[in-house]
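Take a look at this single chain, the form predicted on its own, given in structure tokens.
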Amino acid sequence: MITEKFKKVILDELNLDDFDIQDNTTADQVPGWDSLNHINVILALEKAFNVHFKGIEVLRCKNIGDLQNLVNTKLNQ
């Protein structure tokens, strides 16, 4: 389940006032989330949650829910 903080970081980084992000939402479904902004979103999440992702970990994420789970895993280590 997507947390409000997680959603806010993504929406703020993409300059979106509101967008319904769900677990199964993919980056290509979110306005403005292109390849350049993908890097910015990942960096913003790392900063906001004080975590660090390996490239392969991010590549394994198929949707927003996977990315939220990755953040949760990092926080629980």
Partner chain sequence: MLFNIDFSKILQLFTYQEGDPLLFSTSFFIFFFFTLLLFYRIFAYKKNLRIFTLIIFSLFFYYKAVGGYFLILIIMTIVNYYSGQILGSLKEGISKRRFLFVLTIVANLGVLGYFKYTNFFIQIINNIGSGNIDALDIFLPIGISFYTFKGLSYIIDIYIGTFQPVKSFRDFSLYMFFFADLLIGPIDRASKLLPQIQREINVPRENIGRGTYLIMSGLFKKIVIADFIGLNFVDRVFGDPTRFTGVENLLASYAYTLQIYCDFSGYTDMAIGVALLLGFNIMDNFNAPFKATSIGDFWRRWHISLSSWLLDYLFAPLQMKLRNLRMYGNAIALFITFFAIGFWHGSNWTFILFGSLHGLYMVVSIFLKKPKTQLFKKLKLSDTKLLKFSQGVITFHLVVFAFIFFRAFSIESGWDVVSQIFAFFQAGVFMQFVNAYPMIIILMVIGYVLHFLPEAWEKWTENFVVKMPVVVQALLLTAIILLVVQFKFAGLQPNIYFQF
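Note that the structure is predicted; figures quoted are calculated from it, not measured. Residue numbers count along the first chain shown, from 1.
Quick note: we don't show the form predicted in complex with the partner chain, though the next part is all about it.
Participant: Answer with yes or no whether Asn50 is in contact with the partner chain in the predicted bound form, where contact means some heavy atom within 4.5 Å.
Facilitator: Asn50 lies outside the contact set for the partner chain.
Participant: With a cut-off of 4.5 Å between heavy atoms, is Leu11 one of the residues that contacts the partner chain in the predicted bound form?
Facilitator: Result no; Leu11 lies far from the partner chain in the predicted bound form.
Participant: Find out whether any non-hydrogen atom of Val58 is located within 4.5 angstroms of the partner chain in the predicted bound form, and reply yes or no.
Facilitator: Val58 belongs to the contact set for the partner chain.
Participant: Within 4.5 Å, heavy atoms only: does Thr26 come near the partner chain in the predicted bound form?
Facilitator: The answer is no: Thr26 has no heavy atom within 4.5 Å of the partner chain.
Participant: Of 35-49, which residues get within 4.5 Å of the partner chain in the predicted bound form if you count heavy atoms?
Facilitator: The stretch 35-49, when checked against the partner chain in the predicted bound form, contributes Ser35, Leu36, His38, Ile39, Asn40, Ile42, Leu43, Glu46 at the 4.5 Å heavy-atom cut-off.
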